[in-house]
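Listed next as structure tokens: two forms of one protein chain, kept apart as structure 1 and structure 2.
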Structure 1
């Protein structure tokens, strides 16, 4: 049921030229959002923006005039129609421990399982251009942790993020998707079904009102929200630059443990993880490493970890050819010619063995290479 307080919060979030720092100042001046609405409607915007040096008198006047038009009735209709819930930094159940001007003062969420915020939370992030190995690893890690009652947090992006959400969902667990748009905007558009699945098995979270589209400057804030919501941040694959590293940096600044999965120096999307480990991040070798890190955070108080079992993989094929191919791969992708050089199999034998491995879920063909999973 929509409350007057939630409507007031949404009306504040939806104001033109409202920013996280301005909203924080408004809610410090008027801790009750209903009073904040009344204050801004009366023309008291100067209390919020008065010390901003980059604004001239004309800019202040424009903002004050726009904020006088704060519309609580429209806000109430929007959140009732969409089933939107709002939390603010003064709430007892505010899911972020720190007050930080780089973080939002209000979070909006929609979905069938708001209780996902009550559990321990692990963020799994990484590159959009993930390798098959990275996708499989993120999926398996998320599934294992979700089965143990841990909520998986990620950014609903392509690659590692999508694999983490799907792993949690397919394991019957809970997941939180943090977006840099309004809650009614799907980005990327190809993730319509994934968004629906995340809503049914958890919630989607944003700082933005409905209708806000993706812009580059919004994603670094989205990454900081992911880090702030998580008790532990795990980077599965990351290039030397990108959003996953910005999430890891935000987590470090907030005092969250950061784990990174080491990778081959020949893999360009392992460079960021290897760099994080060199700079002091914990290496991720097994899901139990995440559980150990969770035990060192305040999140360990929220919910007990259920029985944690290693993700099960199909057993190796009994035939000698399949085993030879797996040994030839050695954990790295290879072409059919490279496999032939490393085994005593002929081309038809290799083709049959690869087909069997792919059917069993132990390997995958991608861009002419055979990837062991």
Structure 2
């Protein structure tokens, strides 16, 4: 792909009132983006938007006038300055197999490892309000898969997304961050350093030109790109409504396998995953389930399930109070008052037991709740 071609693509993406479906139609009319730019500059916008019934003549002429100004030179400047690469659906290395009018026709990416798109890709997504368990699980799963050479795709959001990216990066693997803004916008702003490390260990991908800010309606649209870019979608933790479920729905629509990590019915951030499983998603018990879903092993039978409790809780507290508290927690977070109700320990006794559990690394205090680890 030549730079001239990419400049032309960027010029098309950056046009005012350009949408993914208009872009797709334009690239079907002129398979070469350079021809498309020439066509629009000479006023042929009507070929693209002529069929749109929601537009009146005035709207059409406004858009056509805007598109006449298509500016390849400034587009070339922007992509040169930012090191942006662009692909469109006619390219040989276009990462999305399906042809669908709701899917993007052009993707922008920036980052040091465009080869991340060449490997098998697993999306790990979930709630932003993740529990410490969910963060740890997403991190560990991403690390295991990344070590096996699988690229981890996620959305650079708080919570599960961030944990997945970090797991992949810390395991030395590759990761792709799909964002709902322009590639020069960092959202949330606290993820500045995560953005930088995803750029150096993979790429960040967007369908928007630079400067586009976060808008609530852009996130579900972004989720559909995550689903399209992944071979398998894993939902680690999700509440009964939220973005992760829209990713799963998009993946199902595209025929991608969806895996969800089951959880207690008392855990609000497990509700979304449990309902996905009830609707037919595959339960995720460990990383081998993902490998099977990817078709990377010959057998369809999974390895015997490890004794999870033995694996995650290597040492049991020696003292009676510590065991009582662990039993009272029952694998779920609880407040000190709830522990007091479920044991016959007094307040100082509980404080001592919790302190020793925290020192042993068996529990963690987060915002007034005690989480068993």
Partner chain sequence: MLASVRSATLHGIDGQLVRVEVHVSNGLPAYTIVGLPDAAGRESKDRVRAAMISSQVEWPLRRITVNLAPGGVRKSGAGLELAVALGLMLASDDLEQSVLDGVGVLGELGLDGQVRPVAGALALVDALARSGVTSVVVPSANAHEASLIPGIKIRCAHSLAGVKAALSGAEDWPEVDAPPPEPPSLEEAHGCFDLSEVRGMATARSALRCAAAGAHHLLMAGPPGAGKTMLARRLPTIMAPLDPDEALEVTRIQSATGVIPARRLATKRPFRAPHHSASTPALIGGGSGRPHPGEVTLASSGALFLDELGEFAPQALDALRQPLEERVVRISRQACSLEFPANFTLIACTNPCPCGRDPFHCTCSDVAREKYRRRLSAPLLDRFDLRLALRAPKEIEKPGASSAEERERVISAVARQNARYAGLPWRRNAHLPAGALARYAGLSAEAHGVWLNAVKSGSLTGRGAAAIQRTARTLADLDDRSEITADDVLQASDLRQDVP
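Numbering follows the first chain given and starts at 1. In this text the structure is predicted, and so the values were computed from the model without any measurement. Just so we're on the same page, rigid core means the largest C-alpha set that superposes within 1.5 Å between forms.
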Form selected (criterion: the form predicted on its own): 1
After fitting the rigid core, is the C-alpha of residue 327 off by 2 Å or more between structure 1 and structure 2? yes
Has the Cα of residue 354 moved 2 Å or more between structure 1 and structure 2, judged after a core fit? yes
After a rigid core superposition, would you say the CA of residue 25 moves by 2 angstroms or more between structure 1 and structure 2, or not? no
In Å, how large is the C-alpha displacement of residue 336 between structure 1 and structure 2 after the rigid core is aligned? 5.1
